[in-house]
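We begin with a single chain expressed as structure tokens, specifically the form predicted alone.
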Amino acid sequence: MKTLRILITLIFTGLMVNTAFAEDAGSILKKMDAVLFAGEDQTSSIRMILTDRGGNERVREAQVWQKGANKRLFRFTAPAAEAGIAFLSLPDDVMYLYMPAYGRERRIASHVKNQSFAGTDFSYEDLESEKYVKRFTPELLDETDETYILELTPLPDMRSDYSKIIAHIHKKHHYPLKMESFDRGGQPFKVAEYTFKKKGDYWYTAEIKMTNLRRNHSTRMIFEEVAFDTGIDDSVFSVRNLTRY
């Protein structure tokens, strides 16, 4: 009888510990989302530096408009060959691509979200505007003095090219430091390294370096002229505006 009581106590204690970890992981991920989608809206100018395995670089420029947690417009402005190429992310997994050479927009189907956006190391899924808590189930794997380490697995109803993401999150400010993405076979695929800066009340992404481990190719996305809460109109995030350039 005593052995049975001890066993029940151990099981109950284990359940309590697992619940606490789940709650902690969920809270951490929500706080990271709050940082990534800070403010009512955000605008940025971007420099993108693409580096191949031989160290050769190509530079592009773009503008990004973000509103809330599920509206984002990304548009290349230079060089001339890429100017006007644009990506629009809307609620409910709706995404569009506009290529000036074709003169019309194209709806991006869920099963091709893994494709590279305009030759960069960012896929459409990487650029999608949606909170992580709405796409992934978090588990707290470990923590150090400065970071939380979460394993993010796609929710059952989410179509993702990643089997999991290992997220390293700053303990004090809750912004991501590094995201390690694994393909559907569980093999290392891409690594995103983040640099954050603070402007007013908000921490913002100052740089993301995305490395494709298979191609030995990387893309640095450097954010400049960042502005918050400028009152961006909803019409900016329309298909009609997507095709304007």
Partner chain sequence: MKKAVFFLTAVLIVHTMPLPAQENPLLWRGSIETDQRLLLQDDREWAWNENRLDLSLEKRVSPLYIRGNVWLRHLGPSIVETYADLQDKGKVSPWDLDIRELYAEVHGFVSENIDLTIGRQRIAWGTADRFNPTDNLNPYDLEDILDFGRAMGSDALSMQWYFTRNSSLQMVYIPRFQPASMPRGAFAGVFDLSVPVNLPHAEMLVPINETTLILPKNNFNEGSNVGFRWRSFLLNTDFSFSYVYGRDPLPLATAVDIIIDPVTNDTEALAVMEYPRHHIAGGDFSGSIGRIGIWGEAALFIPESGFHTDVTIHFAETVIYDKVVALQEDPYVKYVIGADYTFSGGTYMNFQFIKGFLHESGKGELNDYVVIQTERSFLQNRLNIQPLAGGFTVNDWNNISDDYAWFLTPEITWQGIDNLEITLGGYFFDGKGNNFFMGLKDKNMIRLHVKASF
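Quantities reported herein were computed from a predicted structural model and do not represent experimental measurements. Rigid core: the largest C-alpha set superposing within 1.5 Å between the two forms. Numbering follows the first chain given and starts at 1.
Although not depicted, the form predicted in complex with its partner chain is the subject of the following passage.
- Contact with its partner chain in the predicted bound form holds for none of Arg72, Thr144 and Lys198, as no heavy atom of theirs lies within 4.5 Å.
- A residue is said to contact a partner when one of its heavy atoms sits within 4.5 Å of a partner heavy atom; Asp157 fails this definition for its partner chain in the predicted bound form, lying far away.
- Although the partner is absent here, Lys172 is not a contact residue: none of its heavy atoms lies within 4.5 angstroms of its partner chain in the predicted bound form.
- In the predicted bound form, none of the heavy atoms of Phe136 sits within 4.5 Å of a heavy atom of its partner chain.
- Interface membership of Thr120, defined by any non-hydrogen atom within 4.5 Å of its partner chain in the predicted bound form, is confirmed.
- Stretch 99-107 is the answer when you ask which of 136-144, 99-107, 149-157, 163-171 has residues with heavy atoms within 4.5 Å of its partner chain in the predicted bound form.
- The partner is absent here; in the predicted bound form, the one residue of Arg47, Lys31, Arg215, Lys178 having a heavy atom within 4.5 Å of its partner chain is Arg215.
- If you take 65-82 and check each residue for a heavy atom within 4.5 Å of its partner chain in the predicted bound form, you get Lys71, Pro79, Ala80, Ala81, in sequence order.
- For Ser110, a C-alpha deviation of 2 angstroms or more is recorded between this form and the one not shown after rigid-core alignment.
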